[in-house]
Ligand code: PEP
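Just one chain is shown here, as structure tokens, and it is the form predicted on its own.
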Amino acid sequence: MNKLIVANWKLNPLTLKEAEGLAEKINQVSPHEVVLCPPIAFLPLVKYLHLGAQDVSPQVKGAYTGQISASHLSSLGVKYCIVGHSERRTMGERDELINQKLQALLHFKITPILCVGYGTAVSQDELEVTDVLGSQLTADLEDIDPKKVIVAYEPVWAIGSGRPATPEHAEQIALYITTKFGVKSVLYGGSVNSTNSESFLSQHHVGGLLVGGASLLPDDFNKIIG
């Protein structure tokens, strides 16, 4: 089954040459749709079939120094954009701003990948987790057509910890989000690697993966994307 696998390179690598070299080592052919999200400075120069951005401004133009608008991304041929990642939320990004970013992206026909899971804890049961996610999604998706949005469930405790959620937990959360909010698809992210990726991709309601550290290791990432 064709799924969506998104590589979030974050603030890596250090140089354009390294970024170009990394993209060249990632297989262009996969049974899944694969999206690379390099740092914004490298986005116009990295060559790959599907490219995404890691963030966007809620503003289209004007006196907003250092911001990147959805119009800019659209002109670069960007198809996807990550919004609301836990690292952004940690820096103080609120649901109201995330909602504005979603609206800006959809106006320019860019598919948002909305990250939720910030504020969850490994000790919480499923009901407590869905309470946190429900609050985030209700605010983030206000006045938004959910069928145009992809959600990435990233339990914050799993990101970069080497302790992913179980595939069964990811499946139940994906089922909850798609059923209650009607979004296009739900990805799983959080310590995904070539050893555990297939167990997540085999879940019926998990629509794909958001991959961080493993996406910087071409051999590992090529195993993930098949």
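Predicted model, so just to flag it, every value in this text is computed and none were measured. For every residue, the number given is its place in the sequence shown, counted from 1.
Another form exists, predicted together with this ligand; not displayed. Remarks below refer to it.
Chemist: In the predicted bound form, does every one of E87, A158 and G190 come within 4.5 Å of this ligand, counting any heavy atom?
Modeler: Every listed residue reaches this ligand in the predicted bound form, so yes.
Chemist: From the candidate stretches 102-110, 150-158, 129-137, 73-81, select the single one in contact with this ligand in the predicted bound form, where contact means a heavy atom within 4.5 Å.
Modeler: This holds for exactly one stretch, 150-158.
Chemist: Is the gap between P218 and this ligand in the predicted bound form 4.5 Å or less for some heavy atom pair?
Modeler: Although this ligand is absent here, P218 would stay clear of it in the predicted bound form, with no heavy atoms inside 4.5 Å.
Chemist: Would G207 count as a contact of this ligand in the predicted bound form, using a 4.5 angstroms cut-off between non-hydrogen atoms?
Modeler: The answer is no: G207 has no heavy atom within 4.5 Å of this ligand.
Chemist: With a cut-off of 4.5 Å between heavy atoms, is G213 one of the residues that contacts this ligand in the predicted bound form?
Modeler: The answer is yes: G213 has a heavy atom within 4.5 Å of this ligand.
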